[in-house]
Structure formats: structure tokens, C-alpha cells
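Below you will find one chain, with nothing else, as C-alpha cells; this is the form predicted alone, and questions on how it binds or moves follow later.
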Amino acid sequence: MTVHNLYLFDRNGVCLHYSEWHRKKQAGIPKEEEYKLMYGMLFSIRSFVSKMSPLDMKDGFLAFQTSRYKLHYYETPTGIKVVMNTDLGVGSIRDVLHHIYSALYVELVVKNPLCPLGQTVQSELFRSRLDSYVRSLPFFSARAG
């Protein structure tokens, strides 16, 4: 099992942070374009799920998978979106995405007066702690790739 990459978006679709670990194939387009495509897809899927669901879904869209990877999604009440792509063997990681938001993003970025909100995260402490946390996950494999 492995982690491919992680996106952190604000409510307006600005990519606040991007990390990648075991991504085997690049999109072949500039990163800014990739971020727009990812956010647009998330926006569309969320809208589709909320409109088509036969039940009133408390949590809404949580994940989807293809034949090659699984996209995990977590959205906060303030509209921050945490997206992690993993291989298919990884189960629900809602608690992991919540931890990335609450223990890392909120504590190291939101509460830091030197980090302007709504812009790309420049905090090296946030980046290094995020990397350490992801590498410590039981489904992170150093042998992938």
C-alpha cells in the first residue's frame, strides 16, 4: 500500500499545498492547471453526489476509486478540502485527513501569524511535519515506486 500525493485547497479552489511521494505518472500539464482540474472535478463530484443520492447523506462525498488508485476526500466546515490519492488497498482514512487538517494545518498555519491565509503555505515546519506524519502512516510504503 502507498500514498501517491496530497492536495490542500481553500474554499475558493486555491491550492494551498501540494505534496507527492510515490506518484508514478505525471499529468503532463503545468501544476497550476492540474490543481484547477482537480478542484473542478471535486466540485462536480460533490454536486453530483448531493443531487443524486437517494438518502440524505450526512457526510456526502468521501472517496472514489478507479482501477489504479483511490481518491480520499475530507472537507471542513470552513471549506478547506484535503485530498489524498493512495493505492486501492487503503481503506477509509477520514481520521488521517482530519488529523492533517486539525493537528497540522490549523496548528502550524492558521494559528501562525506569519502565514497569510488564502495563499500557498510557505511554512517549512508544516511541510516537514506533514511529510513525517504521512511517512509514519501504516499504509505508507517506502518500497513503492
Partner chain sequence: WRGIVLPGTESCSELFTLTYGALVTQLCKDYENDEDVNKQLDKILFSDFLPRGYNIGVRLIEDFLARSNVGRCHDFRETADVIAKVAFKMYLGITPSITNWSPAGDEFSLILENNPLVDFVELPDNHSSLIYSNLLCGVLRGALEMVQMAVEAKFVQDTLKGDGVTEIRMRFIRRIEDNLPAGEE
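Since the model is a prediction, treat every value here as computed from it, not as a measurement. Positions refer to the first chain, counted from 1.
The form predicted in complex with its partner chain is left out here; the points below concern that form.
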>> in the predicted complex, does V109 come within 4.5 Å of its partner chain, counting heavy atoms only?
In response: yes
> With a 4.5 Å heavy atom cut-off, would you call Q119 a contact of its partner chain in the predicted complex?
Replying inline: no
>> I'd like to know whether G40 contacts its partner chain in the predicted complex, with contact meaning heavy atoms within 4.5 angstroms.
In response: yes
>> I'd like to know whether S132 contacts its partner chain in the predicted complex, with contact meaning heavy atoms within 4.5 angstroms.
In response: no
>> At 4.5 Å, heavy atom to heavy atom, what parts of 64-94 sit next to its partner chain in the predicted complex? List them in sequence order, or say none.
In response: E75, T76, P77, T78, I80
